[in-house]
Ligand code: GLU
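We begin with a single chain expressed as structure tokens, specifically the form predicted on its own.
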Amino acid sequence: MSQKKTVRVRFAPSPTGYLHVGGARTALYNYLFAKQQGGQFLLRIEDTDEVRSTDESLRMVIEDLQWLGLKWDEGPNPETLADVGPCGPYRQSRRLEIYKKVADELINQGKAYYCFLKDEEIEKQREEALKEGRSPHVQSPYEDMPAAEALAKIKAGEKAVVRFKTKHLKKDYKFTDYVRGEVTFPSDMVGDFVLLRSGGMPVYNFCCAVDDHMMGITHVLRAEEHLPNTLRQLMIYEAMNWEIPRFGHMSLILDEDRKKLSKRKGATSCHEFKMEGYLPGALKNFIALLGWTHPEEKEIIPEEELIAKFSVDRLHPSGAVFDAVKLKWMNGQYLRAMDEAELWKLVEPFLARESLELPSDQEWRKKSLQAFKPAMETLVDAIPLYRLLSDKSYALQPEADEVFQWEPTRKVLETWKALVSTEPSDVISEERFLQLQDMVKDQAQVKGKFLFMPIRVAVIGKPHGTELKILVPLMKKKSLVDRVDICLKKLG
């Protein structure tokens, strides 16, 4: 009885910038499948676009993958970018000799050939074919040229690509896709396609098939847009007599208008979501549900459970709508479930960017987060809340001007200052604040907005905002007195 083959999957991004959520979902599904199956998850870099694929771009992708917590078993070291694993190099730009060797083998077997057609000749063929209602496949006069003759032309300085022969493959290519079910491609869907460009750089379908075979990839889980590429890859596998991996082509991620998700509708990269204060665990949970459902249809799913419950038979073919409102809700759930000490570590960099002056003791931080967490959905939401507590940031806002026109305002502010100043404690509790507010009401003989709004302006500089019973217990008595003095000074 044959031993079960170890599952090996890969995420193979083109490093052209930060990781798009579509790429993040592909990486996540491969990661979850590998972990669930006790297999291996590889990171392979498809950097054959020499202009856009830089080390800086690669580090952007790696930074996002690390932020999401998707650790690979083989691939570039996240710090040094050096190869880690037995199947390297893991960057296609460093595997050119490997591709050349396979291309030579196909040429020697008569399954590929050197083609010297120029771009203008190919374009002329295409125009004529379309005019006659034929498929615009390349008709190369060099298909049967002996390799030795072709090499002599190249040595003489002529440029040639290497093309794969398809005319003799008169059949249908069939495979079972995990998401799409039975898929059939007739061989005449494609003409003789390029394997190597004239400069020696491989095209996507060739290096993808070669790398998947040589890296022992058993399952290929990727986006639906790669489905048409599968035919060319199957042809290469067959020509080389290689074992074919199992395929799964996942649905597209759509915006609320059911069009392909794009930057025009807001953040689409993991880096942008990170900068906007989303938690990696929440984003992972959210994108896991863009094309897959939990067996019990749960929505909040910890990573351990995602690994345990993930299966390819629960991937669905219909497009998944990226609901930004739901993501924010989910992020709020994750945020509120966090321990305050851990959450502060994530909030602090956002507050530091604003140069807010805040107390540094741990107990105050814990207390403040307990008060503010219910009002937060992202880490960025902490900024306006904590700004209210920073004396350096206190300022009278234009919307407070009306309050200073009211006759009772001076009396309310003077009474509030007198009561706060004589408080024995440096910090006023919520219960005590409510008592003081009632005392101002009685002593100043005011109620309703003529009571609440002047006190609110004295505390936060504007007549509307966060409840004072939440804020006041987080402030020192001196801050409250200094702020009301600013208001009284405005009154003259």
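In case it trips you up, residue 1 is the first one in the sequence shown, and so on. This one's a predicted model, so the numbers in the text were calculated from it and none came from an experiment.
Heads up, the form predicted together with glutamic acid (GLU) isn't pictured, but that's what we're talking about next.
J.: Within 4.5 angstroms, counting heavy atoms, which one of the listed stretches 348-356, 194-202, 295-303, 222-230 is next to glutamic acid (GLU) in the model of the complex?
T.: Partner-contacting stretch among the options: 222-230.
J.: Looking at L413, L290, C208, L385, which has any heavy atom no more than 4.5 Å from glutamic acid (GLU) in the model of the complex?
T.: Going through each option in turn, the one that passes is C208.
J.: Heavy atom within 4.5 Å of glutamic acid (GLU) in the model of the complex: which of A12, L471, V484, L19 fits that? Just give me the one.
T.: By the 4.5 Å criterion, the partner-contacting residue is A12.
J.: Spell out, yes or no, whether the shortest heavy atom distance between E63 and glutamic acid (GLU) in the model of the complex is within 4.5 Å.
T.: No, E63 stays farther than 4.5 Å from glutamic acid (GLU) in the model of the complex.
J.: Can you check whether E46 is within 4.5 Å of glutamic acid (GLU) in the model of the complex, heavy atom basis?
T.: Yes, E46 sits close enough to glutamic acid (GLU) in the model of the complex that at least one of its heavy atoms falls within 4.5 Å.
J.: Would you give me the residues of 291-316 that have any heavy atom within 4.5 Å of glutamic acid (GLU) in the model of the complex, in order from first to last?
T.: Heavy-atom contacts within 4.5 Å come from no residue here.
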